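Shown next as structure tokens: one chain only, the form predicted alone.
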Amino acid sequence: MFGEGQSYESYPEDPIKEEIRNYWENPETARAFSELQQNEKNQQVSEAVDDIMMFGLEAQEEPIQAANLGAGAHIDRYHQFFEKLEENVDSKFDWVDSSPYMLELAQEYLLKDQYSERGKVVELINSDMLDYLDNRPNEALDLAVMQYTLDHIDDNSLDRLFNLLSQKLKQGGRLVSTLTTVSPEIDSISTNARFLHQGQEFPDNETRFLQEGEKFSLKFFKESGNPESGYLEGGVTDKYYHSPERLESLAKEHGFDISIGDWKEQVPREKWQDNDVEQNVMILTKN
């Protein structure tokens, strides 16, 4: 199932980006983190992303070419989108991740009866997401998805991402991406993790302010919603703050329409009336 001629065994020689660390560099931690993601909020966010992915594609009859960038393990999500892809055997969903351990876990889902049909339209690709895009033909993708991954791109690489997307998406093609925060102000605790500012924890009753492109970190709890459970061993990841103004400037420079805001603003009301999760998203549409 692996694309680009890679396998699990190639991992030790693969370069690991410094800013993306720990929880997907170790097979035990990767599995523990994947299990942690089986919580209500994470599933609701995936449902929200699924709704946005489908919007505008329901009536498309041509094969859909899509990519999930920094996809992780949970190929058990996006039920509507997979059903749409399976209507045409020529559709393809590239499931791209730099961690072979995450792809190994995704493969485990494909071996289950309820997800086995997805193997006909999905390809697991062990690659850095920017290198993957660089190697795709121009105007090859109808849709790209980044759930919890855009923030892993540092400020120096953000322009490269927008440039590659402008080349690889078809006319009218879209990127759907979640955003960890659209505000420079961060609290110390979220549902699943504690935020670190300048590498340090800060009190629960304080907030901190991020500068453009500044790195911040998350330490994930062993149990979702339970800070008292302690931290997942190795469950640390670094992210970068990209302001809406910065994203809008890059979108204009690279020929995209852009929308940033709560996901409920992006789909009809009937799509979200049973899903009250709060999640900011960015949608790029190629002009």
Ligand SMILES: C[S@@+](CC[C@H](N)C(=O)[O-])C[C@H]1O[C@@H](n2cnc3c(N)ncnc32)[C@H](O)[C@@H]1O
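Fair warning: this is a prediction, and the values are worked out from it, not measured in the lab. The numbering used is simple: start at 1 and walk along the sequence shown.
What comes next is about the form predicted together with this ligand, which is not displayed.
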Exercise. Ser177: heavy atom within 4.5 Å of this ligand in the predicted bound form?
Worked result: no
For this session: Report yes if any heavy atom of Thr149 sits within 4.5 Å of a heavy atom of this ligand in the predicted bound form; otherwise report no.
Result: yes
Problem set entry | 4.5 Å heavy atom contact, Phe33 to this ligand in the predicted bound form | yes
Exercise. Would Asp128 count as a contact of this ligand in the predicted bound form, using a 4.5 angstroms cut-off between non-hydrogen atoms?
Worked result: yes
Problem set entry | Stretch in contact in the predicted bound form with this ligand, which is absent here, among 160-168, 186-194, 133-141, 92-100 (heavy atoms within 4.5 Å) | 92-100
Exercise. Pick from Ser243, Gln37, Gln44, Thr29: which has a non-hydrogen atom within 4.5 Å of this ligand in the predicted bound form?
Worked result: Gln37
